[in-house]
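Given as structure tokens, the chain that follows is alone and in the form predicted alone.
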């Protein structure tokens, strides 16, 4: 399928929208922009963008239409303002949402006749402006193929599935992984600090501990995929004892127990049901 080379629309000129617009302008692509507040638009117009008077005008003028807005609710509100038939056009949603929100947004786009690409943004605005981002896309494979050049102007375009929610799931799961690791590190550092422990020495051991998780990814993946859960350094019964102590240790702290009370309940249930000799990956068994 031949790629289009005409104007692109960018709805929303926050940090991501500005980065997308500037990147595409620098790549020589005409860009039509719209934003609820006119001030950010003026700067982009000075750089060569064209201002649209409404969402509908912007979408009618550019394909694909990037919706770089705060959340999927705002995206759907903007789509409701479009009355034109968007058959053959592509909507690209550039915001973090849940899988259910992604499905709902895709339904709104489909009602207008448009193809929809949902993007997971594992990058900063600065990385997008530099063309160094990795963006996860799901939804319309045809839309991605038709607009691959413009999408890859922003960085690596990784297609992760044809379901509307695939990119949102992937995106949030990766964010969750970062939060779990970062907040876990903060809990550990705060506990060490409050106990008067040498933080430099403790941080060295913390880095090594996190490294065990990273180096163990292939084995963890294999166990989750196969459904086999060898105990490794500890079985579920032993994990349960440690987790219970961690819950008690973290009680009353600012960052809480990190959900370990729920994990302890799950471990206790698995042990009671005869899985005590298995390893920690058994917590993912269906």
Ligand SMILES: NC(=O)c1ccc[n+]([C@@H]2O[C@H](COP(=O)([O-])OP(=O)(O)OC[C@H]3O[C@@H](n4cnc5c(N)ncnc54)[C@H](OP(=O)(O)O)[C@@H]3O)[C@@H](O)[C@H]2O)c1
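Numbering follows the first chain given and starts at 1. These numbers come from a predicted model, not from an experiment.
What comes next is about the form predicted in complex with the named molecule, which does not appear here.
- The partner is not drawn, yet in the model of the complex one stretch among 20-28, 271-279, 6-14, 258-266 has residues with heavy atoms inside 4.5 Å of the named molecule: 6-14.
- Though the named molecule is absent from this view, in the model of the complex it lies within 4.5 Å of a heavy atom of just one residue from 48, 232, 237, 40, which is 40.
- 121 is the sole member of 121, 144, 82, 150 with a non-hydrogen atom lying within 4.5 angstroms of the named molecule in the model of the complex.
- Heavy atoms of residue 98 never reach within 4.5 Å of the named molecule in the model of the complex, leaving it off the interface.
- Proximity of residue 74 to the named molecule in the model of the complex: non-hydrogen atoms within 4.5 Å are present.
- Interface membership of residue 66, defined by any non-hydrogen atom within 4.5 Å of the named molecule in the model of the complex, is ruled out.
- The named molecule in the model of the complex comes within 4.5 Å of no heavy atom belonging to residue 245.
- Residues from 249-286 do not approach the named molecule in the model of the complex: none has a non-hydrogen atom within 4.5 Å of it.
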